[in-house]
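A single chain, nothing else alongside it, follows as structure tokens in the form predicted alone.
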């Protein structure tokens, strides 16, 4: 077997792995990247980058990666509920306007991979990693099968970082988390014209669950239709009828005709909405990153922002340390996992909590009516959605404000029925929030309170 020695070996050249290699390479580290397939990917994941993610690219001097790929500037959201609609803009701070980007996932990945070729100390190969190699209680590298020669090759590295996506082969080794599926999104491409709000993401609070629409090029929007089931919908006449007769009539009139055309075209793509809590095992010489490490519901488009935040964090922790020193490196790994929760808990909790709210008819209506009030009722939540703010306290304040807003509405006329509805709203809100909070390593006091609440709700 051939032997190669690197500072860092990265498994996967997607959003996490590719940007990590670029940022680490720019810091002077010698990096090996092993990717199964370097061709342009055609997926419906990773198509909306929130402003917080755009800011992370700027922090790493990688903002050029979203240039030249027909990325569309996104300035806020339109929210639709029954016959009503509201518009919410992304935040501004000290005169700076924060914006997101919509793009084709494959174009972004190709831009990332093309950039890697220009970094002298980054080596990229096509191959399938089949094993983490261990010695004396630590991971010392990987074994992979080269795509072009079918040769088994051993790569040695002081740190191996698995960024191999939602179906990670190495999650079981490096994490105690189980992957669960809460729903499926059916993706369609719709002409990018006559949108209710130009340059915005659109969230439709439909029955039975929310749907999304956002621009991914100058000509096309992505529409994602949620199916709140663990089993993926199958292409059939029954599915087409459901989309045309149940879903399309609930869409804004401006989008409806193009949506029906896309349904007739029948180019459906399905993706699961997965939850993978961040529950790492502290293994010497190896970590997880990106979707292999942590996933949340894609409703809020926070996945790439979490990945880029983690890339920024781990690189800054290891770029100036002696990677040959096991104690120093393990300390950096431990600190990275701690900072992951601090940096990203609000994004993770918001994603699955908001999806849970959208499935509950009472909470869904309360959420829309709350945001419709405007000013701080909408401005602060959008700072969380955009990931410009990462404050858990702000998230909790507005989450419970929405619930109590709905409770107060029911108690205007305190009939037994309305009192029962009010009680159920609080109960349902807590059942949504509690497990998500527990996933994010809360402090001892908060964790104890959550456990008590969990026991009461059973």
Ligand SMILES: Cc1cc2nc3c(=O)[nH]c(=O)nc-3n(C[C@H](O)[C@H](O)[C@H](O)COP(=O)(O)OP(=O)(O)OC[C@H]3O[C@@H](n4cnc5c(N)ncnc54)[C@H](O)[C@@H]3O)c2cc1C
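Positions refer to the first chain, counted from 1. The shown structure was predicted, so the numbers you read here are calculated from the model rather than taken from an experiment.
This protein has a second form, the form predicted in complex with the named molecule, left out of what is shown; the following refers to that one.
- Residue heavy atoms within 4.5 Å of the named molecule in the predicted complex occur in exactly one stretch of 324-332, 92-100, 127-135, 384-392, and that stretch is 127-135.
- Looking at the named molecule in the predicted complex, residues 34, 45 and 301 each place a heavy atom within 4.5 Å of it.
- Only one of the listed residues (158, 368, 105, 251) places a non-hydrogen atom within 4.5 angstroms of the named molecule in the predicted complex, and that residue is 105.
- Listed residues 349, 224, 140, 220 were compared with the named molecule in the predicted complex; 224 is the one with a heavy atom within 4.5 Å.
- Though the partner is left out of this view, residue 76 does not reach within 4.5 Å of the named molecule in the predicted complex, counting heavy atoms only.
- Taking the partner from the other structure, the named molecule in the predicted complex has a heavy atom within 4.5 Å of a heavy atom of residue 290.
- When the named molecule is considered in the predicted complex, residue 337 lies well away from it, no heavy atom lying within 4.5 Å.
- Looking at residue 197, you'd find every heavy atom of it more than 4.5 angstroms from the named molecule in the predicted complex.
- Annotation for 6-20: interface residues with the named molecule in the predicted complex are 11, 12, 13, 14, 15, 16, 17 [heavy atom within 4.5 Å].
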